[in-house]
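First, one chain by itself in structure tokens, the form predicted alone.
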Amino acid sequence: MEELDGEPAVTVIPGVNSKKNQMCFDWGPGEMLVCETSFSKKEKSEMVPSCPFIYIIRKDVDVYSQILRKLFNESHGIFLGLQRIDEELTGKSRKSQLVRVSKNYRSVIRACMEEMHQVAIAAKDPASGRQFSSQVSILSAMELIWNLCEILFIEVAPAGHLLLHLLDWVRLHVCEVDSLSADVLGSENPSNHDSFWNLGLGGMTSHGWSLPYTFATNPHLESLLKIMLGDEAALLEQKELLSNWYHFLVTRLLYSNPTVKPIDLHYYAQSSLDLFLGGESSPEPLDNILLAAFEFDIHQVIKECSIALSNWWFVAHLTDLLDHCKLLQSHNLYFGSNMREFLLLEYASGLFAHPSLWQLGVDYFDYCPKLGRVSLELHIERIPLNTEQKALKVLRICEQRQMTEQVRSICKILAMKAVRNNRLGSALSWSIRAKDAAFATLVSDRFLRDYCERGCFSDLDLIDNLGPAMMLSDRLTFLGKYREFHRMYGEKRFADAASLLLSLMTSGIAPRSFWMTLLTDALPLLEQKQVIFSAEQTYELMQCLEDLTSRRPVRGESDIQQLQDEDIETTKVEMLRLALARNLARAIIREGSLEGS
């Protein structure tokens, strides 16, 4: 039966009294907001002042460590390379590639550990030094666990070779013997050194040891020979010279069962742990993880690491690697995902809490076939688009993955920001990219209003090159065609300009509020020496003018400015009527003359 999870650790927030007052909180993708309410936990209570602060609780604080960020960045490339390993590779070639990937992961961990160690030594603040030293210990434990999993699960060393791998494992992670050996062997007379026999007893798993015949009468020799003959009691008497229980385990196997089979490892591991601790202390989390590995219980290893470690990096990448070794195929979770995908999703979610590491998280979501795309869509919508450069990165990611709704949402957000900053060209460009007809209409109205106020268009290059995009909305079509009218007029193509202007009004594409502007634009064409508008076209313009003036609202009492505006409008109407009447007369005479001839 699966072991039940223990109670989660309690996080104490300084300054918050959760026993006295009720708490208010809100979950986010990578953090939680917590504050006290004004209500106490008593049934009848008055509102009392509470803590005035809102606390931000992050679940993945390691992503903000400068050194650990290198771990995340470097391992990202290894992860992508692992996903591209050819599935058709089998046997030794595939196994060798997986072992190489595992070693690459370990080298990244060790590099970060060494850098963190140097930072801890150089730290001027004792508290910072302790914090960095704690991180060094965690990284060291991670590399220790990963190395053991590599030996047992990936390389799968057979009996005989297994102990050689375990000897290398202990030699790599037990540093005390190396320093003691250097001290002893570097002295003038090593055999007379105080730690000479301690090195012989404690360092047999790490160094070859020869016994000159002159030592035959030495009192330490009997203990040494008993250990070499596999006497476990003699070895246990010297356990203080061994660093830890797994050092004791490998030493014990070396002299009692050097050809140990993998299936027997769990027995030796459990008994070595019990003998080494002797009931004086309880196993640490690291001990439980290593013990689960020696029992070949992969899922327990992952579970214990998830509880003990402060972030999801280790379990996510180790589980992914073990899944590629076909060791986790039978373990699916109850909520539609397997263990590999669940852990990768958690790790990627943590990366999205960081202002720059979120870009790495995108690739992890890509390789989660069941829930990755949905999770990416939810997280990418929460990325703050602080700069246009960042927005373009997010947009490019969405477009590459055909995330249509997210593309539209981002473009609309950028369009809104551009409108607020009065950057109409950028706003129009984003609204077209979003294919948002309503917003394109809004921006087009702003362009037209801006034209009425200034008498000229801004962002002419954009409007001149709208192309098929102008069909997105009627207002945008009108804006593009109205600009085309101005271009024709500037090129002195008066007949084409007149036809276009009239079609804009009669087709209903031009907003009625803009009709007076269009009729005013017709004045210079009506006053040309040659007749531009035909009699029929002039009648249509006159009809538009009458429709416009007949539907003008009746105003009550008006202020001086309104009266002045009405006078200007009245003057424009009179000028238009006069110009239209003159043009109609000229057009009738001209058309009659042409018919007569």
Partner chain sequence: MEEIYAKFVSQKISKTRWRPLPPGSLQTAETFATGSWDNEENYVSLWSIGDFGNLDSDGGFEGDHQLLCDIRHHGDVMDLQFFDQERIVTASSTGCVTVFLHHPNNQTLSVNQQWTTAHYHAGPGSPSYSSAPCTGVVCNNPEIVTVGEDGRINLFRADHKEAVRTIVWEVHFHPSNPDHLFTCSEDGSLWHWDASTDVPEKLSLFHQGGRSSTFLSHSISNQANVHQSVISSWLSTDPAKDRIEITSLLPSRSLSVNSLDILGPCLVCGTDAEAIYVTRHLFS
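What you see is a predicted model, and the numbers here were worked out from it, not measured in a lab. Numbering follows the first chain given and starts at 1.
Although it is not shown, the form predicted in complex with its partner chain is what the next lines describe.
Proximity to its partner chain in the predicted bound form, taken as a non-hydrogen atom within 4.5 angstroms, holds for one residue of Ser271, Thr506, Ser356, Ser310, which is Ser356. The single contact residue among Thr520, Ser281, Thr404, Asn421, judged by any heavy atom lying within 4.5 Å of its partner chain in the predicted bound form, is Asn421. None of 147-155, 437-445, 161-169, 74-82 except one has non-hydrogen atoms within 4.5 angstroms of its partner chain in the predicted bound form; the exception is 74-82. At a distance threshold of 4.5 angstroms between non-hydrogen atoms, Arg396 is in contact with its partner chain in the predicted bound form.
Residue contact check for Lys572: none of its heavy atoms lie within 4.5 Å of its partner chain in the predicted bound form. Using a 4.5 Å cutoff between non-hydrogen atoms, Gln66 counts as a contact of its partner chain in the predicted bound form. For the chain shown alone, Leu242 is not a contact residue for its partner chain in the predicted bound form, no non-hydrogen atom being within 4.5 angstroms. Residues Trp358, Gln359, Leu360, Asp363, Asn386, Thr387, Glu388, Gln389, Lys390, Leu392, Lys393, Arg396 are the members of 358-396 with a non-hydrogen atom no more than 4.5 angstroms from its partner chain in the predicted bound form.
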